[in-house]
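As a starting point, one isolated chain is supplied in C-alpha coordinates, in the form predicted on its own.
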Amino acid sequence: MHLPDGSPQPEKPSTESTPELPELGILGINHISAPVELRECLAFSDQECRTAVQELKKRPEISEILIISTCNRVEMLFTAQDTNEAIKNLKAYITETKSVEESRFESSLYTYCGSMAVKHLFRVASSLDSMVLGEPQILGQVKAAYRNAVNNRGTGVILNRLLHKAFSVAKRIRSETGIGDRAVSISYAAVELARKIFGRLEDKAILLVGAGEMAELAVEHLNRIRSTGALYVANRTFEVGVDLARRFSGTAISFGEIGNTFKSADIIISSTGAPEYVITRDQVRPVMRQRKHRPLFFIDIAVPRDIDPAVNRIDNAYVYDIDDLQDVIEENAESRRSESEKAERIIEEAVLRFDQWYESLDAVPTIKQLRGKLDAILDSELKKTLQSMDRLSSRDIQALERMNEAVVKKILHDPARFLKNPGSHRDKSLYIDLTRKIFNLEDE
(Lines give C-alpha, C1' and ligand atoms only; values in the text may rest on other atoms or scores of the structure.)
Protein backbone atom coordinates (compact mmCIF):
# COMPACT_ATOMS: atom_id res chain seq x y z
CA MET A 1 0.00 0.00 0.00
CA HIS A 2 1.16 3.54 -0.81
CA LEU A 3 0.00 6.98 0.25
CA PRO A 4 -1.50 9.43 -2.32
CA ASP A 5 1.91 11.03 -2.92
CA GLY A 6 3.29 7.60 -3.88
CA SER A 7 5.41 7.09 -0.75
CA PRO A 8 5.21 3.74 1.08
CA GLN A 9 2.61 3.50 3.84
CA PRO A 10 4.22 3.29 7.31
CA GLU A 11 4.34 -0.19 8.81
CA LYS A 12 1.84 -0.99 11.52
CA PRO A 13 3.48 -1.97 14.78
CA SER A 14 3.61 -5.72 15.25
CA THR A 15 1.22 -7.14 17.82
CA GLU A 16 3.79 -9.80 18.67
CA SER A 17 6.46 -8.97 21.23
CA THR A 18 9.88 -10.52 21.00
CA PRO A 19 11.82 -10.95 24.26
CA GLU A 20 15.30 -9.54 24.63
CA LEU A 21 18.31 -11.81 24.35
CA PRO A 22 18.51 -14.34 27.19
CA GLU A 23 21.22 -13.76 29.80
CA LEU A 24 23.88 -16.26 30.79
CA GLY A 25 23.96 -17.62 34.31
CA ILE A 26 25.74 -20.24 36.44
CA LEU A 27 24.48 -21.84 39.64
CA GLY A 28 26.90 -24.16 41.42
CA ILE A 29 28.91 -25.48 44.32
CA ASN A 30 32.53 -26.60 44.35
CA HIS A 31 35.36 -27.79 46.59
CA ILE A 32 35.79 -24.27 47.97
CA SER A 33 32.15 -23.51 48.78
CA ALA A 34 31.00 -26.92 50.04
CA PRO A 35 32.46 -29.96 51.84
CA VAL A 36 32.59 -33.32 50.10
CA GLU A 37 29.66 -34.58 52.21
CA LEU A 38 27.40 -32.00 50.58
CA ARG A 39 28.91 -32.23 47.10
CA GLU A 40 28.31 -35.96 46.94
CA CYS A 41 24.65 -35.46 47.94
CA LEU A 42 24.12 -33.04 45.04
CA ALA A 43 26.23 -34.86 42.42
CA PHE A 44 24.58 -35.99 39.19
CA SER A 45 25.39 -39.30 37.52
CA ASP A 46 25.64 -39.40 33.71
CA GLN A 47 22.07 -40.66 33.45
CA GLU A 48 20.83 -38.04 35.92
CA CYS A 49 22.55 -35.34 33.85
CA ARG A 50 20.76 -36.56 30.73
CA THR A 51 17.41 -36.60 32.48
CA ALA A 52 17.98 -33.19 34.08
CA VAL A 53 18.87 -31.54 30.77
CA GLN A 54 15.77 -33.00 29.11
CA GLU A 55 13.44 -31.95 31.92
CA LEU A 56 14.90 -28.50 32.60
CA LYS A 57 14.93 -27.57 28.91
CA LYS A 58 11.14 -28.01 28.87
CA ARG A 59 10.67 -25.34 31.52
CA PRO A 60 9.70 -21.97 30.04
CA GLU A 61 11.99 -20.12 32.47
CA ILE A 62 15.10 -21.77 30.97
CA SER A 63 16.26 -21.33 27.36
CA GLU A 64 19.44 -23.45 27.38
CA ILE A 65 20.97 -25.73 30.01
CA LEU A 66 24.20 -27.66 30.62
CA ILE A 67 25.26 -29.53 33.77
CA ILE A 68 28.84 -30.17 34.90
CA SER A 69 29.12 -32.72 37.71
CA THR A 70 32.49 -33.94 39.00
CA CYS A 71 33.89 -34.95 42.40
CA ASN A 72 34.83 -31.30 43.01
CA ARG A 73 31.89 -29.38 41.54
CA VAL A 74 28.27 -29.39 40.45
CA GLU A 75 27.41 -26.48 38.14
CA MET A 76 24.36 -25.63 36.08
CA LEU A 77 25.11 -23.31 33.17
CA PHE A 78 22.01 -21.79 31.61
CA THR A 79 20.49 -18.97 29.60
CA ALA A 80 17.21 -17.35 30.61
CA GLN A 81 15.17 -14.20 30.12
CA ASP A 82 14.94 -13.82 33.90
CA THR A 83 17.97 -15.30 35.67
CA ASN A 84 16.42 -14.92 39.12
CA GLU A 85 13.40 -16.96 38.08
CA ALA A 86 15.62 -19.55 36.43
CA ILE A 87 17.75 -19.89 39.57
CA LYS A 88 14.62 -20.47 41.66
CA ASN A 89 13.63 -23.25 39.27
CA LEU A 90 17.07 -24.86 39.39
CA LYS A 91 17.15 -24.82 43.19
CA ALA A 92 13.68 -26.38 43.29
CA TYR A 93 14.80 -29.06 40.84
CA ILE A 94 17.81 -29.92 43.02
CA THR A 95 15.58 -30.17 46.08
CA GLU A 96 13.08 -32.38 44.25
CA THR A 97 15.54 -34.78 42.64
CA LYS A 98 18.15 -35.00 45.37
CA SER A 99 15.79 -34.97 48.35
CA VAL A 100 17.94 -32.33 50.02
CA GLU A 101 16.31 -29.34 51.68
CA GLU A 102 17.27 -26.03 50.09
CA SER A 103 18.28 -24.68 53.49
CA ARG A 104 21.04 -27.29 53.62
CA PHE A 105 22.80 -26.17 50.43
CA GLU A 106 21.65 -22.56 49.98
CA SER A 107 24.63 -21.00 51.78
CA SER A 108 27.11 -23.09 49.75
CA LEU A 109 25.76 -22.04 46.35
CA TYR A 110 27.31 -19.38 44.16
CA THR A 111 25.82 -17.64 41.15
CA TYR A 112 27.39 -15.78 38.24
CA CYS A 113 25.60 -13.85 35.51
CA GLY A 114 26.64 -12.28 32.22
CA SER A 115 30.35 -11.64 31.80
CA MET A 116 31.12 -13.11 35.23
CA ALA A 117 29.53 -16.40 34.14
CA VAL A 118 31.62 -16.39 30.97
CA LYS A 119 34.79 -15.76 32.92
CA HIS A 120 33.98 -18.46 35.48
CA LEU A 121 33.42 -21.09 32.78
CA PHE A 122 36.67 -20.17 31.02
CA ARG A 123 38.53 -20.50 34.35
CA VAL A 124 36.91 -23.86 35.04
CA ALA A 125 37.71 -25.29 31.60
CA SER A 126 41.30 -24.00 31.88
CA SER A 127 41.67 -25.59 35.35
CA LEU A 128 42.30 -22.26 37.09
CA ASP A 129 39.38 -23.03 39.40
CA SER A 130 40.46 -26.61 40.15
CA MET A 131 41.63 -28.02 43.47
CA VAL A 132 44.90 -28.86 41.71
CA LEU A 133 45.80 -25.83 39.60
CA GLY A 134 46.51 -26.85 36.01
CA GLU A 135 45.19 -30.42 36.24
CA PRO A 136 44.13 -31.73 32.80
CA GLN A 137 41.04 -33.81 33.69
CA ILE A 138 38.54 -30.96 34.02
CA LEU A 139 38.61 -30.02 30.34
CA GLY A 140 37.59 -33.55 29.38
CA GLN A 141 34.82 -33.43 31.98
CA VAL A 142 33.50 -30.13 30.59
CA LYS A 143 33.58 -31.57 27.07
CA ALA A 144 31.63 -34.62 28.25
CA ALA A 145 29.03 -32.35 29.91
CA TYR A 146 28.71 -30.40 26.66
CA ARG A 147 28.24 -33.57 24.59
CA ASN A 148 25.53 -34.67 26.98
CA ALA A 149 23.73 -31.31 26.70
CA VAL A 150 23.99 -31.29 22.89
CA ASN A 151 22.77 -34.88 22.57
CA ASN A 152 19.77 -34.02 24.72
CA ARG A 153 19.07 -30.73 22.94
CA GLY A 154 19.90 -28.60 25.94
CA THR A 155 22.07 -26.06 24.12
CA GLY A 156 21.43 -23.37 21.54
CA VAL A 157 23.31 -20.58 19.84
CA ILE A 158 24.69 -18.96 23.00
CA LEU A 159 25.91 -22.02 24.92
CA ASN A 160 27.26 -23.64 21.76
CA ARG A 161 29.37 -20.58 21.05
CA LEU A 162 30.40 -20.21 24.70
CA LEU A 163 31.52 -23.83 25.11
CA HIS A 164 33.52 -23.90 21.89
CA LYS A 165 35.18 -20.67 22.96
CA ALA A 166 35.94 -22.22 26.38
CA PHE A 167 37.64 -25.18 24.69
CA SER A 168 39.79 -22.92 22.51
CA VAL A 169 40.74 -20.75 25.51
CA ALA A 170 41.77 -23.83 27.51
CA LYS A 171 43.82 -25.11 24.58
CA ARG A 172 45.51 -21.75 24.16
CA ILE A 173 46.39 -21.59 27.87
CA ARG A 174 47.87 -25.11 27.70
CA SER A 175 50.04 -24.17 24.73
CA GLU A 176 51.03 -20.62 25.71
CA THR A 177 51.63 -21.04 29.46
CA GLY A 178 53.37 -23.61 31.64
CA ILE A 179 50.39 -24.06 33.92
CA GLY A 180 50.21 -27.81 33.34
CA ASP A 181 53.90 -28.56 32.89
CA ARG A 182 54.88 -29.67 36.37
CA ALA A 183 53.52 -32.17 38.85
CA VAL A 184 51.46 -30.85 41.76
CA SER A 185 49.99 -34.06 43.17
CA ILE A 186 51.87 -36.87 44.90
CA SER A 187 50.82 -39.56 42.42
CA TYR A 188 51.53 -37.38 39.40
CA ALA A 189 54.86 -36.26 40.85
CA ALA A 190 55.85 -39.90 41.33
CA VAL A 191 55.20 -40.67 37.68
CA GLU A 192 56.95 -37.51 36.51
CA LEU A 193 59.97 -38.46 38.62
CA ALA A 194 60.04 -41.89 36.98
CA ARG A 195 59.90 -40.27 33.56
CA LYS A 196 62.76 -37.91 34.43
CA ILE A 197 64.86 -40.82 35.66
CA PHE A 198 64.39 -42.94 32.54
CA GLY A 199 63.59 -40.37 29.89
CA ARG A 200 60.90 -42.64 28.46
CA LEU A 201 58.71 -45.26 30.10
CA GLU A 202 57.35 -47.15 27.09
CA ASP A 203 59.62 -50.16 27.58
CA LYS A 204 59.95 -50.01 31.39
CA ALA A 205 58.28 -52.56 33.67
CA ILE A 206 56.45 -51.04 36.62
CA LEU A 207 55.38 -52.71 39.85
CA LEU A 208 52.61 -51.06 41.81
CA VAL A 209 52.45 -52.13 45.45
CA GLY A 210 49.02 -51.26 46.87
CA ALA A 211 45.80 -50.61 44.96
CA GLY A 212 44.22 -47.67 46.75
CA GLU A 213 43.32 -44.20 45.44
CA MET A 214 46.94 -42.97 45.27
CA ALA A 215 47.95 -46.08 43.33
CA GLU A 216 45.02 -45.71 40.95
CA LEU A 217 45.91 -42.08 40.24
CA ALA A 218 49.50 -43.10 39.58
CA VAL A 219 48.35 -45.76 37.09
CA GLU A 220 46.09 -43.24 35.35
CA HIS A 221 49.03 -40.88 34.89
CA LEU A 222 51.24 -43.75 33.74
CA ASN A 223 48.65 -44.86 31.23
CA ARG A 224 48.79 -41.50 29.47
CA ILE A 225 52.52 -41.66 28.79
CA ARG A 226 53.36 -45.34 28.37
CA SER A 227 52.13 -48.02 25.99
CA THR A 228 54.09 -51.28 25.92
CA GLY A 229 55.90 -51.67 29.28
CA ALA A 230 54.58 -54.35 31.63
CA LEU A 231 52.51 -53.32 34.65
CA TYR A 232 52.30 -55.51 37.78
CA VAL A 233 49.91 -54.82 40.66
CA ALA A 234 50.38 -56.33 44.14
CA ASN A 235 47.78 -55.85 46.86
CA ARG A 236 47.11 -57.63 50.15
CA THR A 237 43.52 -58.19 49.03
CA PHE A 238 44.22 -60.04 45.79
CA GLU A 239 40.79 -59.37 44.28
CA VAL A 240 41.31 -55.60 44.58
CA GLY A 241 44.66 -55.93 42.81
CA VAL A 242 43.04 -58.02 40.08
CA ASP A 243 40.39 -55.35 39.50
CA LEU A 244 42.94 -52.54 39.17
CA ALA A 245 45.23 -54.62 36.95
CA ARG A 246 42.34 -55.57 34.68
CA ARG A 247 41.24 -51.96 34.22
CA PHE A 248 44.72 -50.92 33.12
CA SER A 249 45.77 -54.04 31.17
CA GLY A 250 48.24 -55.15 33.84
CA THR A 251 49.00 -58.35 35.73
CA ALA A 252 47.97 -58.94 39.35
CA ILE A 253 50.46 -60.71 41.61
CA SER A 254 50.30 -61.78 45.24
CA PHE A 255 52.26 -60.04 47.98
CA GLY A 256 54.46 -63.11 48.21
CA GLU A 257 55.60 -62.61 44.60
CA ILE A 258 56.88 -59.06 45.10
CA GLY A 259 60.51 -60.14 45.69
CA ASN A 260 60.63 -62.21 42.49
CA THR A 261 59.12 -59.34 40.47
CA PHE A 262 62.08 -57.14 41.42
CA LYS A 263 64.06 -59.13 38.85
CA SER A 264 62.07 -57.77 35.93
CA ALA A 265 60.62 -54.49 37.24
CA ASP A 266 62.42 -51.19 36.68
CA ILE A 267 60.24 -48.90 38.81
CA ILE A 268 58.40 -49.78 42.02
CA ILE A 269 55.72 -47.36 43.23
CA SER A 270 54.44 -48.27 46.68
CA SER A 271 51.38 -46.80 48.44
CA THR A 272 49.94 -49.26 50.97
CA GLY A 273 48.54 -48.50 54.39
CA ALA A 274 50.85 -50.98 56.13
CA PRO A 275 52.22 -49.93 59.54
CA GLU A 276 55.64 -51.48 58.81
CA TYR A 277 58.03 -51.66 55.87
CA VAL A 278 56.65 -53.73 53.00
CA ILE A 279 59.96 -53.78 51.10
CA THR A 280 63.21 -54.30 53.01
CA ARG A 281 66.93 -54.13 52.26
CA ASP A 282 67.21 -57.90 52.64
CA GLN A 283 64.61 -58.44 49.92
CA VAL A 284 66.30 -56.16 47.42
CA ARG A 285 69.99 -56.84 47.88
CA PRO A 286 70.14 -60.43 46.47
CA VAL A 287 68.05 -59.41 43.46
CA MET A 288 70.51 -56.79 42.22
CA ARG A 289 73.08 -59.43 41.26
CA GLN A 290 70.45 -61.27 39.21
CA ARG A 291 69.54 -57.97 37.54
CA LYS A 292 73.21 -57.56 36.61
CA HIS A 293 73.07 -54.30 38.54
CA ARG A 294 70.57 -52.63 36.24
CA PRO A 295 69.17 -49.60 38.15
CA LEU A 296 66.07 -50.20 40.26
CA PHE A 297 64.03 -47.19 41.35
CA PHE A 298 61.66 -47.16 44.33
CA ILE A 299 59.11 -44.38 44.76
CA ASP A 300 57.49 -44.51 48.18
CA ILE A 301 54.28 -42.44 48.37
CA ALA A 302 52.96 -44.09 51.53
CA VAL A 303 52.64 -42.62 55.02
CA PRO A 304 53.97 -44.37 57.06
CA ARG A 305 56.68 -45.38 54.60
CA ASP A 306 56.55 -48.73 52.80
CA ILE A 307 60.19 -48.96 51.78
CA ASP A 308 63.14 -49.34 54.14
CA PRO A 309 65.42 -46.28 53.61
CA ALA A 310 68.39 -48.66 53.93
CA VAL A 311 67.58 -49.85 50.39
CA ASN A 312 69.15 -46.59 49.26
CA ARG A 313 72.56 -47.88 50.41
CA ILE A 314 72.49 -50.73 47.87
CA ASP A 315 74.41 -49.99 44.68
CA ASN A 316 72.10 -49.02 41.78
CA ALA A 317 69.02 -49.02 44.01
CA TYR A 318 67.42 -45.62 44.53
CA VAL A 319 64.60 -44.70 46.93
CA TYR A 320 62.52 -41.52 46.84
CA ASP A 321 59.96 -40.94 49.57
CA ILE A 322 57.02 -38.54 49.92
CA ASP A 323 59.17 -35.77 51.37
CA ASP A 324 61.39 -35.84 48.29
CA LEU A 325 58.30 -35.50 46.14
CA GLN A 326 56.72 -32.82 48.34
CA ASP A 327 59.62 -30.44 47.77
CA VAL A 328 59.19 -30.85 44.02
CA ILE A 329 55.43 -30.36 44.30
CA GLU A 330 55.71 -27.13 46.27
CA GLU A 331 58.22 -25.73 43.81
CA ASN A 332 56.02 -26.75 40.90
CA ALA A 333 52.86 -25.35 42.51
CA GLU A 334 54.56 -21.96 42.87
CA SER A 335 55.58 -22.14 39.21
CA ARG A 336 51.99 -22.89 38.23
CA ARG A 337 50.70 -19.98 40.27
CA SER A 338 53.08 -17.71 38.40
CA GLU A 339 51.92 -19.11 35.06
CA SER A 340 48.29 -18.64 36.08
CA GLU A 341 48.75 -14.86 35.83
CA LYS A 342 49.39 -15.26 32.10
CA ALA A 343 46.36 -17.53 31.85
CA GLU A 344 44.15 -14.94 33.56
CA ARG A 345 45.17 -12.35 30.97
CA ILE A 346 44.23 -14.72 28.15
CA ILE A 347 40.85 -15.28 29.80
CA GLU A 348 40.17 -11.56 30.25
CA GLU A 349 40.79 -11.03 26.53
CA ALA A 350 38.55 -13.97 25.61
CA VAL A 351 35.72 -12.69 27.83
CA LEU A 352 35.83 -9.30 26.07
CA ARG A 353 35.65 -10.96 22.66
CA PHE A 354 32.75 -13.17 23.71
CA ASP A 355 30.90 -10.16 25.14
CA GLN A 356 31.34 -8.36 21.82
CA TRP A 357 29.87 -11.34 19.98
CA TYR A 358 27.00 -11.60 22.46
CA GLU A 359 26.14 -7.93 22.08
CA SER A 360 26.15 -8.37 18.30
CA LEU A 361 23.23 -10.77 18.71
CA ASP A 362 21.04 -7.72 19.21
CA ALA A 363 19.38 -6.94 15.87
CA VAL A 364 20.43 -3.27 15.58
CA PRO A 365 24.25 -3.70 15.44
CA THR A 366 23.86 -6.66 13.08
CA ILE A 367 21.60 -4.69 10.72
CA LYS A 368 24.04 -1.75 10.81
CA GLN A 369 26.96 -4.04 9.96
CA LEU A 370 25.01 -5.69 7.18
CA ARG A 371 24.04 -2.33 5.75
CA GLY A 372 27.66 -1.17 5.94
CA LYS A 373 28.81 -4.26 4.07
CA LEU A 374 26.20 -3.85 1.31
CA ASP A 375 27.02 -0.12 1.01
CA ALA A 376 30.71 -0.93 0.62
CA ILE A 377 30.05 -3.57 -2.06
CA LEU A 378 27.77 -1.32 -4.12
CA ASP A 379 30.10 1.68 -3.77
CA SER A 380 33.01 -0.43 -4.97
CA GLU A 381 31.06 -1.76 -7.95
CA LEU A 382 29.78 1.73 -8.82
CA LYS A 383 33.34 3.11 -8.89
CA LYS A 384 34.42 0.34 -11.25
CA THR A 385 31.45 1.05 -13.50
CA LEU A 386 32.05 4.81 -13.59
CA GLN A 387 35.67 4.29 -14.58
CA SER A 388 34.51 2.56 -17.77
CA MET A 389 31.92 5.22 -18.65
CA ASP A 390 32.62 8.62 -20.23
CA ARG A 391 30.77 11.91 -20.24
CA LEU A 392 28.59 11.33 -17.20
CA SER A 393 27.50 14.53 -15.51
CA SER A 394 27.68 15.02 -11.76
CA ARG A 395 23.90 14.89 -11.77
CA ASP A 396 24.02 11.44 -13.41
CA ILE A 397 26.55 10.21 -10.86
CA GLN A 398 24.40 11.49 -7.98
CA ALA A 399 21.40 9.67 -9.45
CA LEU A 400 23.35 6.42 -9.54
CA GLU A 401 24.47 6.93 -5.94
CA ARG A 402 20.86 7.52 -4.87
CA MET A 403 19.89 4.35 -6.71
CA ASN A 404 22.55 2.42 -4.77
CA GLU A 405 21.16 3.75 -1.50
CA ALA A 406 17.62 2.83 -2.47
CA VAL A 407 18.68 -0.68 -3.50
CA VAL A 408 20.34 -1.26 -0.11
CA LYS A 409 17.26 -0.03 1.76
CA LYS A 410 14.93 -2.27 -0.23
CA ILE A 411 17.17 -5.32 0.10
CA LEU A 412 17.41 -4.82 3.87
CA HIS A 413 13.76 -3.93 4.48
CA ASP A 414 12.33 -7.44 4.98
CA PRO A 415 15.42 -9.02 6.66
CA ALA A 416 15.67 -6.10 9.11
CA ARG A 417 12.00 -6.30 9.93
CA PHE A 418 12.26 -10.03 10.59
CA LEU A 419 15.47 -9.80 12.67
CA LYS A 420 13.92 -7.14 14.89
CA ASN A 421 10.83 -9.26 15.43
CA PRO A 422 10.97 -12.91 14.27
CA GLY A 423 7.95 -13.77 16.43
CA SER A 424 7.39 -14.49 20.08
CA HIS A 425 7.89 -18.24 19.70
CA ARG A 426 11.15 -18.07 17.77
CA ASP A 427 14.74 -17.87 19.00
CA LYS A 428 15.82 -14.39 17.96
CA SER A 429 19.50 -15.09 18.67
CA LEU A 430 19.45 -18.08 16.32
CA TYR A 431 18.36 -15.99 13.31
CA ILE A 432 20.77 -13.16 14.10
CA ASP A 433 23.66 -15.58 14.50
CA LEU A 434 22.75 -17.30 11.23
CA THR A 435 22.58 -13.93 9.44
CA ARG A 436 26.03 -13.01 10.72
CA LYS A 437 27.43 -16.31 9.48
CA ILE A 438 25.75 -16.15 6.06
CA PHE A 439 27.04 -12.63 5.42
CA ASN A 440 30.39 -13.23 7.16
CA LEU A 441 29.96 -10.40 9.65
CA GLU A 442 32.00 -12.07 12.41
CA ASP A 443 35.15 -10.10 11.61
CA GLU A 444 33.47 -6.98 10.39
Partner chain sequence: MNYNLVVICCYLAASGGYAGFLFLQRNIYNRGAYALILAGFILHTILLGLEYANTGFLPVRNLHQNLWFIGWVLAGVFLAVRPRIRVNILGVFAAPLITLITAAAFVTPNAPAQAQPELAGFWLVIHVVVIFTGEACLALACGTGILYLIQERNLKVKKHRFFFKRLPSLDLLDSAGYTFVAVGFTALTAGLITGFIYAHQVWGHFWSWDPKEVWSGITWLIYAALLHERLVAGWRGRRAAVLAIIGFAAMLFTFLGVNFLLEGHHNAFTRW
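Numbering follows the first chain given and starts at 1. These numbers were taken from a predicted model, which means no experiment stands behind them. If you superpose the two forms and keep the largest set of C-alpha atoms that fall within 1.5 Å, you have the rigid core.
The discussion below concerns the form predicted in complex with its partner chain, not included here.
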TL;DR on 341-349, 319-327, 368-376, 74-82: the one with heavy atoms within 4.5 Å of its partner chain in the predicted bound form is 319-327
In this chain shown alone, the residue from 153, 289, 147, 353 with a heavy atom within 4.5 Å of its partner chain in the predicted bound form is 289
Answer key: of 315, 213, 282, 96, within 4.5 Å of its partner chain in the predicted bound form (heavy atoms) is 315
**Report entry** 4.5 Å heavy atom contact, residue 179 to its partner chain in the predicted bound form
**Finding:** no
Can you tell me whether residue 198 touches its partner chain? I mean in the predicted bound form, with a 4.5 angstroms heavy atom cut-off.
yes
**Item:** Any non-hydrogen atom of residue 244 within 4.5 angstroms of its partner chain in the predicted bound form
**Value:** no
* Asked: So in the predicted bound form, does any heavy atom of residue 164 sit within 4.5 Å of its partner chain?
  -> no
request  = Inspect the rigid-core superposition and answer whether the C-alpha of residue 117 shifts by 2 angstroms or more between this form and the one not shown.
outcome  = no
C-alpha of residue 346 off by 2 Å or more between this form and the one not shown on rigid core: no
- request: Note yes or no: does the Cα of residue 311 move by 2 Å or more between this form and the one not shown after the core is superposed?
  value: yes
Shown form as baseline, in the predicted bound form, CA residue 193-residue 170 shift of 3 Å or more puts them farther
Evidently the Cα separation of residue 134 and residue 299 changes by 3 Å or more in the predicted bound form, so the atoms lie closer
